[in-house]
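Presented below, as structure tokens, is a lone chain in the form predicted alone.
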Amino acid sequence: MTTKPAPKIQRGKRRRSLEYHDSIWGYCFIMPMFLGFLVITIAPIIATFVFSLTDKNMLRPDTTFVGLKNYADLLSDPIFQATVRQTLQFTLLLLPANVIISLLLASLLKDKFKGCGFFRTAIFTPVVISVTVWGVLWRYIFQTDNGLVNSLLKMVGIQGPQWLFNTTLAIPVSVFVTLVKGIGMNMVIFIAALQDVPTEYMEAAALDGASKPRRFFSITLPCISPSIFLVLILTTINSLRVFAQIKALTNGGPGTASYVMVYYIYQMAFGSYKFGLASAASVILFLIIVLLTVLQWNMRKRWVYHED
């Protein structure tokens, strides 16, 4: 007498039914986040690309499709050209300084000693301060007449420059203020990475007679290279989309000497109400960020440890 496989079939159907209901509940749980992502992130990106192909202006009710005219106007605009150069200048000044100084501070503060917690807290505290408050504070510090910096220089007989009203100094001062504010976060990342470097590697190198600089460049840097790569990516993206510091410190001045991409977009959108041009500038900034990120991502295999 043969046994019937019906019970196994029923168990299989019941299992599939439970998996189906679990999937339904899973989708229900992620649906609010997914809808928020669509509405808050994806929809504005699509709208930006669409607006960049129109002459949308908040002062006019009608909108006309103009194709790539906005992009052509931007690329031929000397102010926009200068803005791109100044944005890249801001990034090129901030990126190496941020990585080198934060790595140096992390090397000094990675080991516990008396007062270590105080120095770590002091360096990290600016990270949690509002960007606007931080910018306004440093605007007063760099004031021409009564600012702290020029007052200290005056005490030693030096006439301080107009820090925020000098076309040459406006961008470097903004870089310095941004550097001091954000360096604490990268320092914490590097401290965590340095503390994870295997001590047996360092001990073996020391027994072989390797000097401290040699151990740092041959062992420490390769071991923390993934963290360096992370810091490079984040710092590059943040420097390309800097806005609040420029707005609070120089308001884009003197003239347009400290215009950066996001500030230019802000002026076009909410100063001139030219949403079409502002959207085209946003797309160009998006493409620049994507291009640099992809370039860094493809180059990581040449120097990032554990990358094939």
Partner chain sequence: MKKTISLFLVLAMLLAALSACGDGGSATSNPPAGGNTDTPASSAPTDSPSGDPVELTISIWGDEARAAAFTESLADFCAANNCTVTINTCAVADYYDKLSTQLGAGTASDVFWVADSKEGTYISGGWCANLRDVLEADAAWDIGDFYENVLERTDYIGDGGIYGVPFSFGVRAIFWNKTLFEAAGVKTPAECVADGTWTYETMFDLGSQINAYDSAKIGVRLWPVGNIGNAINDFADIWRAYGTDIVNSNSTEFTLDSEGGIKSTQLVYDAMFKQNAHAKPGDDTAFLSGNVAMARDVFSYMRNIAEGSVDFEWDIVPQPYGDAGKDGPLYTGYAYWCANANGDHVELASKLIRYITSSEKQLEWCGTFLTPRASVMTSDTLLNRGEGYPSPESIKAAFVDSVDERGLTGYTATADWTLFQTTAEQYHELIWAGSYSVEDGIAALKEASQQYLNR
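Numbering follows the first chain given and starts at 1. Quantities reported herein were computed from a predicted structural model and do not represent experimental measurements.
Below: the form predicted together with the partner chain, not depicted.
Contact annotation for the candidate site: 87, 202 and 241 all lie away from the partner chain in the predicted complex (no heavy atom within 4.5 Å). Shown alone, this chain has one stretch from 205 to 213, 137 to 145, 173 to 181, 102 to 110 that lies within 4.5 Å of the partner chain in the predicted complex by heavy atoms: 137 to 145. Using a 4.5 angstroms limit between non-hydrogen atoms, residue 267 touches the partner chain in the predicted complex. Remark: residue 24 counts among the residues lining the partner chain in the predicted complex, judged by a heavy atom distance of 4.5 Å or less.
When the partner chain is considered in the predicted complex, residue 250 lines it closely, a heavy atom lying within 4.5 Å. Using a 4.5 angstroms limit between non-hydrogen atoms, residue 256 touches the partner chain in the predicted complex. Residues are counted as partner-facing when one of their heavy atoms sits within 4.5 Å of the partner chain in the predicted complex; in 149 to 163 these are 154, 162, in sequence order.
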